[in-house]
Ligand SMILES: Nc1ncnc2c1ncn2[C@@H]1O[C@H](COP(=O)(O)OP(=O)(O)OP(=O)(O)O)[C@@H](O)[C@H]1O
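The chain below stands alone, shown as structure tokens; this is the form predicted alone.
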Amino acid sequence: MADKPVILVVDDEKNTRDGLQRALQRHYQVLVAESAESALAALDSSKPPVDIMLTDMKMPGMGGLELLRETVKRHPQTACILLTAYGSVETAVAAMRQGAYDFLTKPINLDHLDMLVARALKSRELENKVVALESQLDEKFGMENITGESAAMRQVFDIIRQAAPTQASVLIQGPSGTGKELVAHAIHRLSQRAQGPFVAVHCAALSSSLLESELFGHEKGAFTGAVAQRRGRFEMANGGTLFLDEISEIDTSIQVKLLRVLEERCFERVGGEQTIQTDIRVIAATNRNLREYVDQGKFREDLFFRLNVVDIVLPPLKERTGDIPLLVHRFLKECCERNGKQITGVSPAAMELLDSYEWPGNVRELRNTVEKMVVLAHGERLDENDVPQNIRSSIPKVENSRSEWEPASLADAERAKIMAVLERNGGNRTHAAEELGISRRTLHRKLRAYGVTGKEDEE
């Protein structure tokens, strides 16, 4: 019974209820209610939820229209089909504007009923798929996929929320692997253009001539090999967002044409004379300091200002204090699901190693490292032996004065050593970390554990 679609029949006439129940119960799980009030109770309590409700228009007490409005409000996924007499067809049509799926006139044609119920179920299935797909897209491309609680990332989130609903061009700058394309996707998904296309172009991967054709398209015969007309990315992105990655690498001649599109919202295909209008929002990204490129004459200043209406700077992972454990747990879950592995967690020693590493490849390197650990792990928990050797060997160990016969004094000895070095360096944590041979972030974390606070902790 539970795997059958659930239909609720609502009618104050017993003969109608019983007749519809007999007609439908072969293929569906059928519930019956003699009033709108009892129907709402059935809707609230039904497990699984009701897929379709068949309700009479005229009933004592609460009528069919009021029941429809309550159902749409409380159970929007339930398709409502109204049962009405011939003289009330206009009322039924008006009800459809309030959320009814369709209506049937009495006496009911059972063949028509079967067809209508099947169509309503199919429509509901498609709607559910659309909702599920949008949820997946939000999970993949929305801000939910950008993990971080550090002050630097909170600032990024704030800018995304403020900039996304506008039409302003956005320039995303940051080292490779910091998630610039994820941010671009998030801005698009949160914008008024979310239902339009998101088109990405990786500018550094194409030569100047190929990039021009890729962006603006070309006409047949425009150059050798142009055997047919081809639309460019500006046309493909019409009504949506165009993401230009590695914008710093484009040739000066392309910069001029790009500036014109941003200023006038029109262009011509390569080899063409027709002016094409376009409605796009441009988001650009680079791992270079684009302001320095302007100063060096490598990038047009007027184009820089056009692109840099909203500026988002993504910090390297080593500057995102506290975010690494969050990212590790997120990637662990994703990698286990993708690779069919059962890993319950990460040991403190392994997390310490991951948290102390500098991550020159940023978030991308961390994700790849976690996946490698998951794939090669033998146990149900990742420990320090699962951490790749290049990471383990890159993190110096703090020296201590522990004797072989004093195993319990390791923590005390380490603390004494750190505090002595810190005092010798006048409290300068950078110099103390260099003398100890550990990263500044590791020293900062250990001092917090000792209850030693300073200006940075207050900030």
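The structure displayed is predicted, hence computed values, not measured ones. Residues carry their position along the shown sequence, with the first being 1.
Below, we refer to the form predicted together with the ligand, which is not included among the displayed structures.
- Of the candidate stretches 170 to 178, 370 to 378, 383 to 391, 204 to 212, only 170 to 178 has residues whose heavy atoms lie within 4.5 Å of the ligand in the predicted complex.
- Contact annotation: S191 falls outside 4.5 Å of the ligand in the predicted complex, judged by heavy atom distances.
- At the 4.5 Å threshold, heavy atoms of N145 reach the ligand in the predicted complex.
- By the criterion of a heavy atom within 4.5 Å, L244 is excluded from the residues contacting the ligand in the predicted complex.
- Under a 4.5 angstroms non-hydrogen atom cutoff, the ligand in the predicted complex has R364 among its neighbouring residues.
- Comment: the ligand is not present in this chain, but in the predicted complex one of W359, Y293, F331, F198 has a heavy atom within 4.5 Å of it, namely F331.
- L182 is the sole member of V282, L182, I343, A164 with a non-hydrogen atom lying within 4.5 angstroms of the ligand in the predicted complex.
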